[in-house]
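Listed next as structure tokens: two forms of one protein chain, kept apart as structure 1 and structure 2.
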Structure 1
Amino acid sequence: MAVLALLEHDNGAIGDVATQVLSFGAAYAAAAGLPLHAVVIGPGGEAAAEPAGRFGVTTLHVAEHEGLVAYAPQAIARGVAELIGRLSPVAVIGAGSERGNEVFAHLGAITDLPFAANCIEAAPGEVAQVTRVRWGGSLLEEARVHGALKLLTLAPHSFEARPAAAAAQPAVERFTPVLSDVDLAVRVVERVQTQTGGGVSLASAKVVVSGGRGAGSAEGFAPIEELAGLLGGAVGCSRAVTIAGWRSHTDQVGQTGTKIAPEIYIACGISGATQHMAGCKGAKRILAVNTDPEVANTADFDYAVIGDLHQVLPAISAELRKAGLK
């Protein structure tokens, strides 16, 4: 018996989210009094042995198959399910990324077991106790997970990666899963570049200036674009703006839009609905520019300027120009 962590990797290189999964898995395994194993699927996986060992993994399972070069969610789940059959782990833990959750949903369907997505806490047991994220992070749920094997994903960036006290030298066990054509029917056949307007990407911008319904129209975004331009930032918007057709959905910040994590988020003419704020929880600071003094009572805004964005933003831009910005 063991706890099994499914690691996302790129030719054996694992990122922050995978190390968080390993730490979370190690804590779960320690509480259950079991060893931590990890599994990597696809080419180059054995290179993950060294970093996995640092987090206390005792055995690294490496699944290789010619069909597993391109991403194929059902095939990955089938491979993990085969390993589950041999290893009988008490839990499989993975990343609550889009892909992690997709693979775990397939695992849940294949094994007919419940799957708890985006957990932030988990305690093992015959019935596991978890706390998981709802509403894109605006609400938490305490839940009990039944079934012999627990399938859990960890909400990204909700658990600190902590290497084990002593690094282990994991045993590497290779296997070639048996995959059918049906398992491989859904796979990435091509990757196309999207034409981002050459500007700063919303997801990685250091400064984001967003407009909401208060911008009034598509043209009403001119002062928002001007300020974002001066600050070398990206322009965002609320859903009220996208459904009005003022801007494209690629600019939408929020639960069903883009998640951002800038140094500062300047939200202009945006009321701060929970679904909007779900997209900017990662921002270090949030400044609201709003005509309604009530925004000061919205917990998520750190700073506010009370006023009409069409007057406040040009004044800020003018001040920045005075300071020498172009």
Structure 2
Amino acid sequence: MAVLALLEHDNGAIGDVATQVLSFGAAYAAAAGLPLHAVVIGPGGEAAAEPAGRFGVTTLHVAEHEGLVAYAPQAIARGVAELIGRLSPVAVIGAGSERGNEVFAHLGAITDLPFAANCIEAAPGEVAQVTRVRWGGSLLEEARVHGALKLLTLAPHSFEARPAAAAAQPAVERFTPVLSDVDLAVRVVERVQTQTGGGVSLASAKVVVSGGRGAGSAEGFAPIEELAGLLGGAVGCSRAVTIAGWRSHTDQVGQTGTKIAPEIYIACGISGATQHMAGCKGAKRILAVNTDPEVANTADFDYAVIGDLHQVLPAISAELRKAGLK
């Protein structure tokens, strides 16, 4: 028996979301008095052994199959289900990302077990007590999860990644899951790299400057792009902007866009609707620039500048240039 963590990775490189899963999984495993195992799917997965070991993973399982060279949600779930049959874990824990929740939905269907998504707390036991985020972050639900095996995903950016006191080199065990054509019917066949803010990824940027309906037009994003460039950040936007066709959906921050956790999030001309705030609640600090004081002073924002973004942002950029930023 063990606790099993499913890790998202890119050719063995694991990011913040995966390390948060490992940190939580280690605490859950310690509370249950069980070892922590991890599973990675696809090419290069064995490279995740060293970083996984820093979080107390004792065994890393690497699923290898020609059908798993790209994202295939049902096939990944089938591979995890096969591993469950061998390990009999008490819990499988993963990231509450778009892909993580999709894979766990398939896993719940395959195993005929309940699945609790977007948890921020969970205590092991025959009946697990969980707290999870609902309705775009506007509601916290306390629930009980029954069953010998618990399927849980964690709300992104809700946990601090804390390496174990003593790192270890986990054993690496490879396996080839048995997959059918049905399992591989849905899979990624092409990847198109998208970058914003001069090559800075929206998901990983330390600074994000976003515009909403208050930008007025696609051209109205010029001062937003200028400020993001000076700060070495990425440009984001609200859903209203993508609906208007001013920016691509890849720039959207929110419940149906990218969920971010920058050091500072600068929201310009954005109303702060629940669906938008669900995407940026992981930010360390939020600065609002808005002409409406009732919007810009909501409890969701740490700081507010009451004014027109087309006047405020150029003034900020000018001061940054005076300070030597280019």
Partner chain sequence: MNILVCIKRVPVTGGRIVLRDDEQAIETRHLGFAISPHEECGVEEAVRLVEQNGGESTVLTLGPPEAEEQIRDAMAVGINRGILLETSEEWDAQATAAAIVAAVEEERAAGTEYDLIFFGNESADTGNYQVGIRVAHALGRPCVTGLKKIELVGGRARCEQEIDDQRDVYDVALPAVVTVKEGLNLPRYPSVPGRLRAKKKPIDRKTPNPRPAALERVRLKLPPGEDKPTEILGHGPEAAPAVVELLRQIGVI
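Heads up, when I say rigid core I mean the largest set of C-alphas that superpose within 1.5 Å between the two forms. In this text, all values refer to a predicted model and were calculated from it rather than measured experimentally. For numbering, take structure 1's sequence and count from 1.
Here the chain coming from the form predicted on its own is structure 2, while structure 1 comes from the other form. Once the rigid core is used as the reference frame, the Cα position of Ala91 differs between the two structures by less than 2 Å. Shown in the overlay between the two structures, fitted on the rigid core, is a CA shift at Gly229 of 2 Å or greater. Trp246 is among the residues whose C-alpha shifts by 2 Å or more between the two structures once the rigid core is aligned. Relative displacement of the Pro314 Cα between the two structures on rigid core alignment is 11.2 Å.
Its Cα shifted by 7.7 Å between the two structures, Gly269 is reported here after superposition on the rigid core.
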